[in-house]
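A lone chain, given as structure tokens: the form predicted alone.
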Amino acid sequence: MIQQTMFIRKESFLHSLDPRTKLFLSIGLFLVGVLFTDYRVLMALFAGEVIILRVAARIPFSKLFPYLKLILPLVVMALLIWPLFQRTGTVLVSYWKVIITKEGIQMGIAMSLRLLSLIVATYLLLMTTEQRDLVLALVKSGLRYDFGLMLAIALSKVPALAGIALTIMDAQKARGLELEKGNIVEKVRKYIPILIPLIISAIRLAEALSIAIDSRAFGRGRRTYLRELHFTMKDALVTGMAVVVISVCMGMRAAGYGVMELP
């Protein structure tokens, strides 16, 4: 089932924070994941993010796992391919031109955990913040309103188009279209009866959207907002703690901690 949003409605500490606070927190976790290359630090970061989602947002791992499955092929690819490029260090396997070292395996684990931690840092924001609040937070932070509108449309309409595509595919399969059979050229040709109705649906959707925007006098007069964001003491506390943690991590990185030393 295609959902238009990853947001999960809960009564939790993280859900109650200002969207700007959660945006800063997500960016901070993303930055920490980029700073370090030691697999032990990245494993602790990934575990910490999952704990934050479970404790502070009350989102169980069962809700997170379906979204992690989407990137598992990339994680496995990084885990398998990276050791092939790190050829120096303690050799574990040497066959023909293939050399696998202990350091290469550790680096592969580190890069896989880094990818997971960066993705979960993004999910932490998307699963605890409604789309309208996220766009409003970006606009209040200085993003032009028309850019914010484009972002809101992309977040809502792209999953809608994916749902339309699935509906068209089911309809064509009911008419006898076999998408799974044939070689690659035949499979590409079979997607033409799906692509054409999808393009027509997208054009109709764009026309209806443009009429709706024009009817609401978009771009005329001073912009007002139905919802207002409020930065509370709780947000200040979380932001301050995030600044301290990020500063400590940057200091550790500058001192050489959390970096895997390669021979």
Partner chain sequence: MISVEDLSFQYSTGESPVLSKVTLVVPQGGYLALVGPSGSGKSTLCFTMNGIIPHSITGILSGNVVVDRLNTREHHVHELAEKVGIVLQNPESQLFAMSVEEELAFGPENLGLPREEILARIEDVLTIIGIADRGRFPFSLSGGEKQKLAIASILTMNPSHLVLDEPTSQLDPRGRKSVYDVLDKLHAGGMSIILIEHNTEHIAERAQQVLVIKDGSVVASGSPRDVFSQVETMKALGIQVPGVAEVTYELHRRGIIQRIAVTLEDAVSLLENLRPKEFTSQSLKTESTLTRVGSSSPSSRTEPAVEVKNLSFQYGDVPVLNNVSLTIGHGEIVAIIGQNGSGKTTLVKHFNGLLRPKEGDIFIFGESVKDKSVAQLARKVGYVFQNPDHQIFADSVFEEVEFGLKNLSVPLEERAERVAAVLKQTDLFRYKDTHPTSLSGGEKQRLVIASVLVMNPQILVLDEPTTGLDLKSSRSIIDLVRALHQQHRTVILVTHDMNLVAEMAHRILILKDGTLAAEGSPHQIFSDEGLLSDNFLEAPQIARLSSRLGYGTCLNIEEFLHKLEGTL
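What you see is a predicted model; the values in this text were computed from it and never measured. Residue numbers count along the first chain shown, from 1. Rigid core: the largest C-alpha set superposing within 1.5 Å between the two forms.
Not pictured, yet referred to below: the form predicted in complex with the partner chain.
Enquirer: Any chance T37 has a heavy atom within 4.5 Å of the partner chain in the model of the complex?
Expert: Contact with the partner chain, no.
Enquirer: Is A160 near the partner chain? Define near as a heavy atom within 4.5 Å, in the model of the complex.
Expert: Yes, A160 is a contact residue.
Enquirer: Is P197 close enough to the partner chain in the model of the complex to count, meaning some heavy atom within 4.5 Å?
Expert: Flag for P197 set to yes.
Enquirer: In the model of the complex, is there a heavy atom of the partner chain that lies within 4.5 Å of any heavy atom of S201, even though the partner is absent here?
Expert: Yes, S201 is a contact residue.
Enquirer: Considering non-hydrogen atoms and a 4.5 Å limit, which listed residue (A236, I27, A208, V55) is close to the partner chain in the model of the complex?
Expert: Looking at the other structure, the residue within range turns out to be A208.
Enquirer: Pick from A78, L126, I168, A137: which has a non-hydrogen atom within 4.5 Å of the partner chain in the model of the complex?
Expert: Flagged contact: I168.
Enquirer: Residues in which of 111-119, 160-168, 80-88, 97-105 have heavy atoms within 4.5 Å of the partner chain in the model of the complex?
Expert: Contact-bearing stretch, as computed: 160-168.
Enquirer: Need the contact residues for 219-242: heavy atom within 4.5 Å of the partner chain in the model of the complex, sequence order, or none if there are none.
Expert: The stretch 219-242, when checked against the partner chain in the model of the complex, contributes G219, R220, R222, R223, T224, Y225, L226, R227, E228 at the 4.5 Å heavy-atom cut-off.
Enquirer: Using a superposition on the rigid core, decide whether the Cα position of G28 changes by 2 angstroms or more between the shown form and the other one.
Expert: Shift of 2 Å or more: no.
Enquirer: Classify I119 as shifted (yes) or not shifted (no) between the shown form and the other one, where shifted means its C-alpha moves by 2 Å or more with the rigid core superposed.
Expert: Shift of 2 Å or more: no.
Enquirer: Please state whether V238 has a C-alpha shift of 2 Å or more between the shown form and the other one, with the rigid core used for the fit.
Expert: Shift at V238: below 2 Å after core fit.
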